[in-house]
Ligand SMILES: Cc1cc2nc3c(=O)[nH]c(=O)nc-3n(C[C@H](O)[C@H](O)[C@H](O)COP(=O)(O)OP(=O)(O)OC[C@H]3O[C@@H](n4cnc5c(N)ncnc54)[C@H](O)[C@@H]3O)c2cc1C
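The chain below stands alone, shown as structure tokens; this is the form predicted on its own.
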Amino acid sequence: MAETLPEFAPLAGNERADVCVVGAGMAGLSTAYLLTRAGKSVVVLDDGPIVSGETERTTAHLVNALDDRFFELERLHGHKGARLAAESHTAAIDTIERIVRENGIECDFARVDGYLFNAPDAEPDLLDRELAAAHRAGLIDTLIVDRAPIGSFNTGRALWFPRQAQFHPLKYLAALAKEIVRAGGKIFTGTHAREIAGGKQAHVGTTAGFVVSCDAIVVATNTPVNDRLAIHTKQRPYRTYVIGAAVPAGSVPQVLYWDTEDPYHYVRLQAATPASAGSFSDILIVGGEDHETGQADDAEARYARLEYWTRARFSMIGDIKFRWSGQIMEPVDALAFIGRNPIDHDNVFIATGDSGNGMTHGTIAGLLLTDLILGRENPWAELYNPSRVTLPATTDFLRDTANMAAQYVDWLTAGDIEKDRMVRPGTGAIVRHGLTKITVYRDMDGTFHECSAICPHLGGIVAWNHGEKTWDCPAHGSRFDRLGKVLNGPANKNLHPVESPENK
């Protein structure tokens, strides 16, 4: 479902701005747009094209019906925190709608209903508990209904959340980028931020040697690339899987569906456009089958289970037209980290921890960071403060820390295979070379490409991802392409290349 995005050139000289934003996804472009509207000069840097990171892999549910349940948010953040979470995500949807209307953006924005229904093994009172918690959080229009509107499958009782929304994120952000430039902002792509330094002489230095001097810096790179540990002990990376199935036009209502399975499933419809052809012209988008990044390599099985789940409930589907996966950052206490970067200068800000709600959390980031940079009060600041300590989440924090530490055992294990030459063309594997481990990727023509398997962030051993053809770090979620180029933080450098004996 490709969409043409505006192209921008790499940074080719030094720049000066009020704010430098690193990352041109939902959070980065939302922040840049609102800051330029407030009269600030802004420079946006991205090491790929705009919206080329995890934002382009979203299924674009715009919701205040949050994935982690409101009764769980009450446990973690109290009644006030749960209410502020509902309020901020509602405001995010309203903000997107307002921006679409004010700028005449054609991005398929639509208000839709959302339905949460139980998995077969769910606690019988789960929906009732969530209904009561949602009402306490201020979502008083939420109701229990007899079933979700899936004609071919009886969901049983469902929780109805009115006035959710969906849109086409690439169309929306393409328009946002144009508005940023129209308001005087500058966007540079193909530009890697090598150094991010706050303080009185705040600046972002690039690998090409150019510098953006600024008064404030916003790092909106899905997960921060400007700190080593402070945030990365408080969130875990997950991969999630998505299929797009052809369905007859008009056969599925344009609503959002979610179940309570673990991991849960999420469903939406991309309706037919006038240019669509044939009777199977709508696309049913279904996601789920999450696992911790780098800790499973069975994408084909997960896509197959998604298809099985979908066909059992939506009997009208035809061929599977699309398959992709994305990375979710899951905070230990279920809400994003948006604000001043911990253990850093006061003029360095981050936005991370999408928790499966990246489009609304990214918009909240724009609203909140704009207020913080302009020195305005914001009622959500403490809730999303990256330095917060959530005591009820301590058990989860300790469990995640233990899981993170366990990934370093890979230093002691054997490689995936014994010899480089055993790697099949078009695949990769980890090979032990003496006391260290090496990533080996073999091109289809038989050429070997080798790098150190040690993640340059904090030394985890990466794992091969057959589905994406990437090297993924199970410790903190850094990802690299098959040749070792960094794709996702927190690593901000490529895997160290190693000359292959096969190519000498």
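Numbering starts at 1 and runs along the sequence shown. Quantities reported herein were computed from a predicted structural model and do not represent experimental measurements.
Only in words, not in the display: the form predicted in complex with the ligand, which the text now covers.
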| in the model of the complex, do Glu54, Thr59 and Ala220 all reach within 4.5 Å of the ligand through at least one heavy atom apiece? | yes
Note: exactly one of Leu159, Leu84, Val431, Val225 sits with a heavy atom within 4.5 Å of the ligand in the model of the complex, namely Val225
The one residue among Thr191, Gln235, Asn341, Ser88 placing a heavy atom within 4.5 Å of the ligand in the model of the complex is Thr191
Here the chain appears without its partner; judged in the model of the complex, the stretch of 322-330, 148-156, 177-185, 423-431 with heavy atoms within 4.5 Å of the ligand is 322-330
Answer with yes or no whether Asn492 is in contact with the ligand in the model of the complex, where contact means some heavy atom within 4.5 Å. yes
Considering non-hydrogen atoms and a 4.5 Å limit, does the ligand approach Phe117 in the model of the complex? no
* Even though the ligand is not shown here, does Gly356 get within 4.5 Å of it in the model of the complex, heavy atoms only? -> yes
The ligand contact at Ala132 in the model of the complex, heavy atom, 4.5 Å = no
Checked 15-39 against the ligand in the model of the complex; residues with a heavy atom within 4.5 Å, sequence order, are Val22, Gly23, Ala24, Gly25, Met26, Ala27, Gly28
